[in-house]
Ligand SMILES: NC(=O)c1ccc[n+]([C@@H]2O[C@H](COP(=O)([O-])OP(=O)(O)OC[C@H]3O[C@@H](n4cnc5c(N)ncnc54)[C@H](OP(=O)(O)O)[C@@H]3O)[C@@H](O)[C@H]2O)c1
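One chain comes next, on its own, written out as structure tokens in the form predicted alone.
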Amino acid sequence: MKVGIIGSGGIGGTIGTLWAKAGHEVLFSSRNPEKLSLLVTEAGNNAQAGTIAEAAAFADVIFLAVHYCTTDDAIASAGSLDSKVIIDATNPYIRADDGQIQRVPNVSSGLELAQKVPHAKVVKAYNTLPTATFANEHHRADPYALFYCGDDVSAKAIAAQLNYR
């Protein structure tokens, strides 16, 4: 499967690398794709880097793993996301004026995203476990539970079968 990673930091870089090593074609994206060369090298032959728009055009599935406050910019940079399956790993946290990280009250980032891209198929996943768990425990014989939800049966099936083993 072709996967475009929008947000190639901790969770996006880790999951994208695991997917590339499992045989999926992965395009990591950034506003500065030239800074992703080490990540692409570590991910192997199935990985490449490009812009956010290139990742969106390339992909069957988009993995959105950006900071909540940059979601709108990422969507705008992607171009059309119509008919795309978007796996949303964002969580509604922001840095408050005092520097502390706070959860935005009464917000579902998955529902917000679905309203912003009404012609895409949004599945919420990969947002409940820390990056280190995926990086260090993906090989376990007794895998951890990965929760996902959405309102499109086919999109949820894609998220469920998009494995990295």
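All of these numbers come straight from a predicted model, not from anything done at the bench. Heads up: residue numbers just count along the shown sequence, starting at 1.
A second form of this protein, the form predicted together with the named molecule, is not displayed here; the remarks below concern that form.
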Which of 40-48, 112-120, 136-144, 60-68 lies within 4.5 Å of the named molecule in the predicted bound form, heavy atoms considered? The stretch 60-68
- Message: If we define contact as a non-hydrogen atom of the residue within 4.5 angstroms of the partner, is T131 a contact of the named molecule in the predicted bound form?
- Response: yes
query: Hey, in the predicted bound form, does Y126 get a heavy atom within 4.5 angstroms of the named molecule?
result: yes
**OP:** Find out whether any non-hydrogen atom of G23 is located within 4.5 angstroms of the named molecule in the predicted bound form, and reply yes or no.
**Re:** no
Proximity of S80 to the named molecule in the predicted bound form, heavy atoms at 4.5 Å: no
Of the residues spanning 67-90, the ones with some heavy atom within 4.5 Å of the named molecule in the predicted bound form are H67, Y68, T70, D73, A74, A89, T90
